[in-house]
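Below sits a lone chain in structure tokens, taken as the form predicted on its own.
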Amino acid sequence: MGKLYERLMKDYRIKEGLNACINCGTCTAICPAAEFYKYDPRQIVDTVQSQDDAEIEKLLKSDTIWYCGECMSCVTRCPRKNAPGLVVMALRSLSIDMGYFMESEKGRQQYVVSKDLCGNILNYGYCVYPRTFKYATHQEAGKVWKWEEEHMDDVYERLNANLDGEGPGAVRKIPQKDLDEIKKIFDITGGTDRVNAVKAAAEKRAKELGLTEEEYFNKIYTECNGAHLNH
């Protein structure tokens, strides 16, 4: 038994999500991510159960653990009520704690998730906030969104929304006292430490590459080696 395995076993998500997997492969059969990515939840659980630190380290440094969408379809079908999604969450946490996430393309992109998603939640109270969702970086939204971005206030008014307004309504301004409570939740649960760890690692890598923070952000946001999809 290795040190990485021992650290994993201290995570409550392993205790809740791993009940002697029998390697039937049902989780992989039901997994939406496995349909598109080179991703096999059964193999991930098998690697963890092997207690082989060398193999667990490879997993922690790989893109594999970042393919999961955490939808938990796996637990709905597993005959032993395992939850590979929870196992993946524990692996992701350990990967960041150990700094191994910087070894994979999808791992490095956690900086994008951390900066954009967590930034929106902490600053505005929304996972997706209209004024930070830019067509320039989300062209998959289409030209309609480009037009809406250029006419945002008018569009939201016509939709009877309350964009950045006081009181009730869609995309209303979240009171500062509520944002402060969200920040406290991040602080107490370790979310703030996690965001800071990802940020520090990203800033260090950017400096090593001679890039500004914005240049590094755009680099990892757009890079894709093309080997991820399950063709």
Partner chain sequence: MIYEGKQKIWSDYQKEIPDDHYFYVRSCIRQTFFPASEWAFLDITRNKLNKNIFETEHHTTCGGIAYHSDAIPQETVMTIIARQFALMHKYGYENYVCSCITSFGLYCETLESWREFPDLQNKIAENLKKATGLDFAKPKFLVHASDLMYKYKNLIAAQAKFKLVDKNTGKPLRVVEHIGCHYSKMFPSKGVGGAEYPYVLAGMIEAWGGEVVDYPERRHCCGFGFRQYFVQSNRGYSLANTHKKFESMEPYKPDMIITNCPGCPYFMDRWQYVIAETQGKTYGQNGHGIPVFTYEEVAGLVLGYNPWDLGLQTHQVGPEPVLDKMGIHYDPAKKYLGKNGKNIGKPDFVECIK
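Bear in mind the structure is a predicted one, so any value in this text is a computation, not a measurement. Residue numbers count along the first chain shown, from 1.
Another form exists, predicted in complex with the partner chain; not displayed. Remarks below refer to it.
Contact check for R172: a heavy atom falls within 4.5 Å of the partner chain in the predicted bound form. With a 4.5 Å cutoff on heavy atoms, M98 does not count as touching the partner chain in the predicted bound form; it lies far away. Proximity of R80 to the partner chain in the predicted bound form falls outside the 4.5 Å heavy atom cutoff. Although the partner is absent from this view, E214 stays clear of the partner chain in the predicted bound form, with no non-hydrogen atom inside 4.5 angstroms.
Interface residue among L60, I44, C68, C27 relative to the partner chain in the predicted bound form, by the heavy atom within 4.5 Å criterion: C68. For the candidate spot formed by D52, N123 and K207, no residue has a non-hydrogen atom within 4.5 angstroms of the partner chain in the predicted bound form. Taking the partner chain as positioned in the predicted bound form, the residues of 130 to 160 that bring a heavy atom within 4.5 Å of it are, in sequence order, P130, F133, T137, H138, Q139, E140, A141, G142, K143, V144, W145, K146, W147, E148, H151, D154, V155, Y156, E157, R158, L159, N160.
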